[in-house]
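Below you will find one chain, with nothing else, as structure tokens; this is the form predicted alone, and questions on how it binds or moves follow later.
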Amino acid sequence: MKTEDLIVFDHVSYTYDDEETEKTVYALKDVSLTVRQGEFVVVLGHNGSGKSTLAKLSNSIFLPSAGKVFVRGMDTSVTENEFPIRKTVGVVFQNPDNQIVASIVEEDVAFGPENLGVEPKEIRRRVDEALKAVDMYDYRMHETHRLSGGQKQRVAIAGMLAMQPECIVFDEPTAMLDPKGRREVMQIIRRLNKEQGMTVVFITHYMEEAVHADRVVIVNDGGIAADGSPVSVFADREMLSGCGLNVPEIADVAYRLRSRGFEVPEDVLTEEALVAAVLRLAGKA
């Protein structure tokens, strides 16, 4: 393993017993994947593809049935490694209510560092910094149950930031949010990666949330169907269709324009890039 390798899946399989059929089911099968320090990796797949299993394996919530998962070279199946692994890789889940444990915002964010034995002065600093990072500092004395879904998710992210992991795995954190809440949370996650250097693994089924990633990984039927840049992955329309996924809307519009003879670049994946391409075309008319 290289020094920049943060999470390594080495031929990992994960099975569980289906109570109805009494058969062994593979949630993941022979998966090899590496997440490097500082990357923003988006994992896409339909429901039941194995995405959430990948998240839980990344910090020893689940242990592999076969193969190995390493976090900074630490084997997740070794009991003594569990605590340092969870300090290195944190997980934020889709329902923030399952992660919020205190009635006041700042108390909830302080909960993790307190359990780590961090001294009170340092906890105060971490809580303030984490809340500012997710634009929730002005809500620090608010009651958590009165927050909107998007605000709760931002508090959950702040709670994880206060524990200062090297990497955060987000397991469909926008799934329960309205479009406004989704945009806000995505902006914060992108900022954490680009401005603070946080390694991010972002699991979602919203295709448009993947366009700003460094890498896109497609999980299908427990295996890796694709792993590459957003441009290269979204260019393979046949593969995406076979995995039950659609091309992001903007990429699809750009593709349709190209198919009609308009000179739209292959790397157009965002609204801003599409508008710029159309304006260039209009200027040539």
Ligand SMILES: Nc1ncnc2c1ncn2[C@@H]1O[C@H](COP(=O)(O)OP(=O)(O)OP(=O)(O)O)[C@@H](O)[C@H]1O
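Nothing here was measured: the structure is a model prediction, and the numbers come from that model. Residue numbers run from 1 along the displayed sequence.
Beyond the structure shown, there is the form predicted together with the named molecule, which is absent from this document and is the topic of what follows.
- Here the chain stands by itself, but in the model of the complex one stretch of 63 to 71, 230 to 238, 255 to 263, 39 to 47, 39 to 47, has heavy atoms within 4.5 Å of the named molecule.
- Taking the partner from the other structure, the named molecule in the model of the complex has no heavy atom within 4.5 Å of any heavy atom of T34.
- Using a 4.5 Å cutoff between non-hydrogen atoms, E184 does not count as a contact of the named molecule in the model of the complex.
- At least one heavy atom of E172 is located within 4.5 Å of the named molecule in the model of the complex.
- Under a 4.5 angstroms non-hydrogen atom cutoff, the named molecule in the model of the complex lacks N59 among its neighbouring residues.
- Comment: the named molecule is not present in this chain, but in the model of the complex one of A226, I250, L245, A27 has a heavy atom within 4.5 Å of it, namely A27.
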